[in-house]
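Consider the single chain below, provided in structure tokens and representing the form predicted alone.
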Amino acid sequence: MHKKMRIALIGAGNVAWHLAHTAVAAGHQVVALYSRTVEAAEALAKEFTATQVIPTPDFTSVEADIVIIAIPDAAVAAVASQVKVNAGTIVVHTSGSLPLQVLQSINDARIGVFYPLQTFTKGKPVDFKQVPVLLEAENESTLTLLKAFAQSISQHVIEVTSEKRKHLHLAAVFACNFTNHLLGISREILLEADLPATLLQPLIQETIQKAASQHPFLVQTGPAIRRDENVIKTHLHLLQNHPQYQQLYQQLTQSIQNQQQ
């Protein structure tokens, strides 16, 4: 049985929402919440018992084992400069791209990184046991405590340096964010042609399953890899009212063909 930990959160968005619910489900306690948007913090706090909403990121009046900063990357450094904790409290951020050192300004804190590698949407359930959690810490004792917490909610806990985490985050942007954007474009094309978006679901599922079991480059299909210029020209013509999509289509086509060489 894992040790019950007292968790405090900075942020009340998608990542914070999932971490709070996952931690509580694993037997931990969310003792405090701070968010720039007070209403968001209050709404999340109401979902738990004995969760205090605090007006500033000053946690010195709170008994917390770990303070998790789960906010957009661009805000982490500024918020970290305002964070106050009791001596020995662990403070982590959840960013894939920011280094551990971004938290060095927090006096008396034991700093680390707690990066869950998943896309999160508030209210949409995720099986956190299957989510890889990438850890980093300034020393072994802090890492040991972070591992204990991480292993209580995930079956895939890995120690990764800040440098390697940057590469992982870059790969994740291609795999998730860019892929999602392309799926959005495909849906817009279908909507403009008055076709149901559900038609693509079997194709999307097979593509993802195949890419997970084999190197995606080895199973590439489509007009670009076949160098079917007539089809490519037809597609570009259909996109004439969307020059930004035309450009993206041409760039991706060229990238696929270059990879084949």
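This structure is a prediction, so every number in the text was calculated from the model and none was measured. Numbers follow the displayed sequence, beginning with 1.
Omitted here: the form predicted in complex with a further copy of the same chain. The next part is about that form.
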Any chance Thr37, Leu100 and Glu140 all have a heavy atom within 4.5 Å of a further copy of the same chain in the model of the complex? no
Just to be sure I understand the contacts: of Thr60, Thr234, Thr56, Thr49, which is the one whose heavy atoms reach within 4.5 angstroms of a further copy of the same chain in the model of the complex? Thr234
Please check if Asp108 has a heavy atom lying within 4.5 Å of any heavy atom of a further copy of the same chain in the model of the complex. no
Thr253 near a further copy of the same chain in the model of the complex, any heavy atom under 4.5 Å? yes
May I ask you to check whether Gly27 falls inside a 4.5 Å heavy atom distance of a further copy of the same chain in the model of the complex? no
Taking heavy atoms only, is Ser152 within 4.5 angstroms of a further copy of the same chain in the model of the complex? no
Picking from 100-108, 140-148, 81-89, 116-124, which part of the chain touches a further copy of the same chain in the model of the complex when contact means heavy atoms within 4.5 Å? 116-124
Contacts from 214-243 to a further copy of the same chain in the model of the complex (any heavy atom within 4.5 Å), listed N to C, are Gln214, His215, Pro216, Phe217, Val219, Gln220, Thr221, Gly222, Pro223, Arg226, Asp228, Val231, Thr234, His235, Leu238, Leu239
